[in-house]
Ligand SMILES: NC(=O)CCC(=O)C(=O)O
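First, one chain by itself: the form predicted alone, in structure tokens.
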């Protein structure tokens, strides 16, 4: 399976609509990949809390339309990162959109763990409550978002649901970049899965972004890693590696707690 992670820069001087157009163009350039991943809240910026209300959109809003068209044109499975979704009943959610190669919405995921410690996202958005997996021709994907990465029980539940690849879009801050890299590798090792962790570049709302998107194999080896600037990582993954790792080192079979 060929996967491409688009570490897009969120520039406060670039309009949201311009960034949608640019993101669509970047997705189209990945024709030939099987799966393309964008970061968390790239239209508005993960720390642009004051803009969440004004930039919130319905599920099938402008980002949905732009990303659906891009997935169709590129012929790829597209994890389009996440948007600030305004539910018809009023609440806001940090919602991921995943499109099939024919441009149809295949799944959505509302972020379960909200960041902020009683401010920011934690008070402005409602929490999701559904585990989400998606079966691609090559692998079964488990979906999480940014701060979710700190909660290993979520990923164990995704593995119990059959996930072989974990996809994690994020808007992770540069000051905690070491945690980002460490936790991405930890989730891969402990669950014996591929991890595709895609973050943003640039600085928005005064918060420098970590960048350093990373692809980790089921043994914890880093297959590709971006720098701090906007970049696209494209990696060919041997999906048989998941089953081989679990067979050769069957640690998951020795679980005692949480089963």
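Residue numbers count along the first chain shown, from 1. Please read all numbers here as calculations on a predicted model, not as lab measurements.
Beyond the structure shown, there is the form predicted together with the named molecule, which is absent from this document and is the topic of what follows.
From the list 165-173, 69-77, 99-107, 135-143, the contact stretch for the named molecule in the predicted complex under a 4.5 Å heavy atom rule is 165-173. Taken together, 111, 121 and 147 are fully in contact with the named molecule in the predicted complex: each brings a heavy atom within 4.5 Å.
Using a 4.5 Å cutoff between non-hydrogen atoms, residue 93 does not count as a contact of the named molecule in the predicted complex. A residue is said to contact a partner when one of its heavy atoms sits within 4.5 Å of a partner heavy atom; residue 47 meets this definition for the named molecule in the predicted complex.
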